[in-house]
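What follows is one chain in structure tokens, specifically the form predicted on its own.
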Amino acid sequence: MDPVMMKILDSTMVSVCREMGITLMQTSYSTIFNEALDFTCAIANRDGDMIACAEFCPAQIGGMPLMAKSMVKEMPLDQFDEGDIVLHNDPYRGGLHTPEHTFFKPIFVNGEIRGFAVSIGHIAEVGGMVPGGFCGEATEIFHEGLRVPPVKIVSKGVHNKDIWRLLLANVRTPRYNYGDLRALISAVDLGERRMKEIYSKYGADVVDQTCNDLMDYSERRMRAEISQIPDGIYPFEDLVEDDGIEDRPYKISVEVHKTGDDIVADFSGSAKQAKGPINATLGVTLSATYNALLHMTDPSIPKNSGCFRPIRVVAPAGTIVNVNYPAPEVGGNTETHPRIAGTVIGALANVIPHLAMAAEGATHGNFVFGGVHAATKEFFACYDIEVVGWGGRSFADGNDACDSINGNCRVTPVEVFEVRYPWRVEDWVFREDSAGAGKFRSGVGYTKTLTCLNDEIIISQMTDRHKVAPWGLNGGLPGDKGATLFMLSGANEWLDASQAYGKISPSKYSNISIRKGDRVRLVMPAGGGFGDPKERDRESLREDVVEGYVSAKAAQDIYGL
């Protein structure tokens, strides 16, 4: 093992992955890529193990190894030619959820495959029951859009026009889909070129051996972190409030078994799979468990498949954490992932509270919409990500208005949003007293009010935390819940989707028709507080009052100022 070479190669490959992501962002068509950055770029070895990635979307980082290994298992290496590119989005073949499209390009060196350049991105429009890909009332995978098993979309450098025709015939926005898919292809093209340069510079044997050493090094670092956690069995539970089809909660239950330098996360006590689209695939549950441990261990550990080796997951088939075909699952990757990660963090908070945070808002909002733009006469579709407050920690407040733990995405700026889509953003403000109170309060939530400017916009949503508040830790109080509210043109009362449109769930619904002048208010949840609110630093509390995060009344009644 050459530690200098490991450092050089690791930093170089991570830089390659970042460059791939920048290329994807700058060449894509949809705001979900060029504004929200809902993608990840990585390098895998020939066996499908991730050897490097950039700091983009955590859900995709943790899920990439299973996707790559599933692809390699289904398409043996001897079936690849130089210049091939494989497309794959099937959740039941190791994928995360239907909108997530993954591209693999083999890296040939002297006629032999040495690895793959990988790009994963959330395509905004994938067909199915609703514009925007999040059908809150889906009851089977076929409602959620076109599934694509591993197929060669490019063969020996030549695009397969039949596959392109098939893909673009099944979506509402073929021009935007074409641009976004080509952007994902441009990322793996760049990754392949850069990796060939690295192999040429250092030699294939040196690069491959160093990559194996890097994974072993990451494994040792992760085992060293885990060994510092006291041995024991640590349980925790949380709830997804409903599934859009039945008005009842679904339990996510974990027992974290820690022995020596190994961790097993056992989710056997979790609810049976739901009728609605909140189910997680196995890849999502693996990714969420990895995500939780990465948040509680040394962030300098190189992110590759090696650091996942000490972490094992028990997720029985047919449960909310390992859905069986053909049940729906689009919300599992956005809403159930952060709940799964939160249960692992909550379990370990019993013994390593200094490394834990209270519950975060644990939703991406997933406000999706589409229609025919009155000005352009062209169909549009958008997946709009909203952000939440994070939980308080033992040493600091939670982050204000950040994407949920599994996203790392940005919100679309008002100026871009209003230019691209027929909405007016009336206000977008932090909510006073939304934060979970504590010695260290949570991040705050916000409200965003939109007015429809089009003749009609069809909206759907897949979100959560409208009924079940984010929990606090060590005496911290729960944070405020979220809501989505509607006020029809000419009315003067805000109503949720159940009240206004008769939907079973106020947070998960499909195909609501919004007309010109109607208003929608997105209320995003905060997180939970950490520690006794009365122990909060007085100067920090006064600053909260001045900034409008905490009211004077709450400062007196809750914090004892």
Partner chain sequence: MKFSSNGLYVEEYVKCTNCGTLIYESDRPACVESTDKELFCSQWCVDWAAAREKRWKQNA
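Residue numbers count along the first chain shown, from 1. These numbers were taken from a predicted model, which means no experiment stands behind them.
FYI, the form predicted in complex with the partner chain isn't displayed, but the following is about it.
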- Item | Tyr92, Ile233 and Val314 each touching the partner chain in the model of the complex (heavy atom, 4.5 Å) | yes
- Item | Proximity to the partner chain in the model of the complex (heavy atom, within 4.5 Å), stretch among 320-328, 167-175, 333-341, 118-126 | 320-328
- Query: Can you check whether Arg147 is within 4.5 Å of the partner chain in the model of the complex, heavy atom basis?
  - Reply: yes
- Report whether the minimum heavy atom distance between Leu282 and the partner chain in the model of the complex is within 4.5 Å. yes
- Query: Should Val264 be counted as a contact of the partner chain in the model of the complex, where contact means heavy atoms within 4.5 Å?
  - Reply: yes
- Query: According to a 4.5 angstroms non-hydrogen atom cut-off, is Gly475 in contact with the partner chain in the model of the complex?
  - Reply: no
- Task: Go through Lys156, Lys73, His354, Lys201 and name the one with a heavy atom inside 4.5 Å of the partner chain in the model of the complex.
- Result: Lys73
- Heavy atom within 4.5 Å of the partner chain in the model of the complex - residue from Gly269, Gly179, Gly83, Pro249: Gly269
